[in-house]
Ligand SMILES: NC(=O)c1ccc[n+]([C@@H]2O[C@H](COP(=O)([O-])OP(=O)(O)OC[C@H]3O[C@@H](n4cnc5c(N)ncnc54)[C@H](O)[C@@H]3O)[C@@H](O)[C@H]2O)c1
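Coming up is one lone chain in structure tokens, specifically the form predicted alone.
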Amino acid sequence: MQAEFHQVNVSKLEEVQQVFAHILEKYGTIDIMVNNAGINRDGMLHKMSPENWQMVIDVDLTATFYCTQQAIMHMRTNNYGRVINISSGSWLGNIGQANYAAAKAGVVGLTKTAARENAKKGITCNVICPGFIETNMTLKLKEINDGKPWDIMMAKIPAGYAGKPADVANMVAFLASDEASYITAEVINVGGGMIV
């Protein structure tokens, strides 16, 4: 197995096209596309700057469109492909995240549309919505206000603990596999029961 890393601003179509051209020239095919780029710029709706709105939309939604479109153009010629987009439980709405929720809801709509358009071409398109996952960003909540924000989040999760990045990665691996060939247009929550 071999891995390559490329620094790409996925919110810029030209950069996305360049990296896809490189991949196709070197490997000749694109079989699996996982859209996982995302940022947040939280703030209450009435205080949110247009810049913070647009930045999140560009990275979390427009970039997903660019990469999905580029991948599907090539997957359709092979009659095979797996598109796995990472949304969030916040797509259902979350205080202080109008931009993020809108972008992640857009990812769900985009994925379901792509699934309907490409199912007969052997391409599956699904969305994973992680719940509260233990990352460097979320672990910082333990350092705020004697850890109360962390405790509040734990109380919302029926399983009683934060997920691990591997929990999301395992679902990605399954959806990318042949065992998931009849699963498409689905929104799959990985959140210990928090997202209902």
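Quick note: we count residues from 1 along the sequence shown, nothing fancier. Computed from a prediction, not measured in an experiment: that's the story for all the values here.
Keep in mind that the form predicted in complex with this ligand is not shown, yet the notes after this line are about it.
Contact with this ligand in the predicted complex, judged by any heavy atom within 4.5 Å, is made by just one of V19, I188, V10, A176: V10. Residue-level contacts in the predicted complex: of Q54, T135, N170, T29, one residue has a heavy atom within 4.5 Å of this ligand, and it is T135. At a distance threshold of 4.5 angstroms between non-hydrogen atoms, A105 is out of contact with this ligand in the predicted complex. Shown alone here, N36 lies within 4.5 Å of this ligand in the predicted complex, counting heavy atoms only. In the predicted complex, this ligand sits beyond 4.5 Å of every heavy atom of T111. Though the partner is left out of this view, I86 does reach within 4.5 Å of this ligand in the predicted complex, counting heavy atoms only.
The candidate spot formed by V59, Y100 and G131 is fully in contact with this ligand in the predicted complex: every one of the three has a heavy atom within 4.5 Å.
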